[in-house]
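Okay, here we've got a single chain as structure tokens, the form predicted on its own, with questions on binding and movement later.
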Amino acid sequence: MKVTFPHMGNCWPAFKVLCTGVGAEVYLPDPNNVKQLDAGLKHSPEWVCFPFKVTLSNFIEALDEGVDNLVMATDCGPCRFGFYYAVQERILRDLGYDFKMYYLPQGDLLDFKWIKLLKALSEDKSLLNYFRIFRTARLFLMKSQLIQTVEKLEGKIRCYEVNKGDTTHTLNKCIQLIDDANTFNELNKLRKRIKNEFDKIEINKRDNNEILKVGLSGEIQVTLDPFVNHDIKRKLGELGCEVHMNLSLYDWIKHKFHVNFHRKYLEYLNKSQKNIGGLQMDIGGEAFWVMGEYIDYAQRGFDGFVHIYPFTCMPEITAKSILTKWYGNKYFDIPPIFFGFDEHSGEAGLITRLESYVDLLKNKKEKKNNGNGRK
């Protein structure tokens, strides 16, 4: 059986092992790019959010290469993501493609419906196959955790690198190492090696007063895919920002297994601000936790907060309006900036806004250090 799945940033080694671990052959879509995106734009509803168009493009590429089994995650929340797989399947069938669509329900991973998907992808239907499925799930979790480690180190180190591009090179090398490792022992050894690879980067230690600490958060697909967000994390690092990003595939999986205590803390922070508009429930997307992250970063003394999301995403736009009000009313002293992405988002405008934002943060930090900060 040959299967494919949407490309989402650096997450592909984890999704790949989820399929190969049960014996399926994987077609890996190209990293998202402008040429590939044309097909998704042509056949998607104009008003739908950008990740829908990107993932549809991945499927069209795979189907044109002869793949006939598609895997798509789905959810049961108030976000439009819940209908992606069904609408995409209808669009692709209307285009004349013959395939089978498998969907991965992730509303609550403790219901173990994901086992049914892995069984469907496996040609081995014996009872012994359950052992292989749980081994695959463990490999998936280990790779997801290592990918999270790599992305956290990337965000924190890039602003210190002496030779521009060293961090990106190390990131790509570590992601490939994660893909190549397919045993528990190999993955355990990688924990130390990844740290060593980043330690090799020549860095320029600077005074903490020179470095801007910026939190990056938003809708998961937009935040994790460099093509979709115009590599905003790299741009911030090259502008001298130490970028902290808690969102990752591993973070999401832990949340769906109900063991993500950091997210529970963010929920608490959000709910504790009810009197000034803090959300009291999940309204879709990552809005609930984005607002908690904003409060957390403000309380920890961060210099800035970057919120990114698909253009027209109503949950994220709701969070944006509340955060804007919070900062405008001086409830929190951390300037937010917002970027909504779709196929019309321009590189030049993004860079100009980021440069202006970083200058603003530098001036604000300088005044604060001189005792003239905002009261």
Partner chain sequence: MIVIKKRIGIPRSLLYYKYFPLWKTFLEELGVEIVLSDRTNSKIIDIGGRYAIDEICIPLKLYYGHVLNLLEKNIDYLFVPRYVSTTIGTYFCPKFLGLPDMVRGTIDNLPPIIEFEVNMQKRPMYLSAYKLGKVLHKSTWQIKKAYEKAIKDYKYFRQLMVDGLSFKKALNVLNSKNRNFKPKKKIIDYVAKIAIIGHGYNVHDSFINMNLINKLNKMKVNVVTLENLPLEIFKNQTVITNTLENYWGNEEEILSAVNYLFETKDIDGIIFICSFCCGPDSLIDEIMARDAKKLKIPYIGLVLDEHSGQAGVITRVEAFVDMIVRKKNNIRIIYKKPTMPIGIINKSEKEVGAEF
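Computed from a prediction, not measured in an experiment: that's the story for all the values here. Positions refer to the first chain, counted from 1.
The discussion below concerns the form predicted together with its partner chain, not included here.
Not displayed here, its partner chain is kept clear of residue 300 by more than 4.5 Å at the level of heavy atoms in the model of the complex. Interface membership of residue 240, defined by any non-hydrogen atom within 4.5 Å of its partner chain in the model of the complex, is ruled out. The closest non-hydrogen atom of residue 278 lies within 4.5 Å of its partner chain in the model of the complex. Its partner chain in the model of the complex comes within 4.5 Å of no heavy atom belonging to residue 226. This chain is drawn without its partner chain; in the model of the complex, the residue among 79, 121, 266, 157 with a heavy atom within 4.5 Å of it is 79. Of the residues given (200, 274, 206, 192), 274 alone sits with a heavy atom within 4.5 Å of its partner chain in the model of the complex. Only one of 82-90, 143-151, 107-115, 130-138 lies within 4.5 Å of its partner chain in the model of the complex by heavy atoms, and it is 82-90. Taking a 4.5 Å heavy atom cutoff to its partner chain in the model of the complex, the contacting residues in 29-54 are 43, 45, 47, 48, 52.
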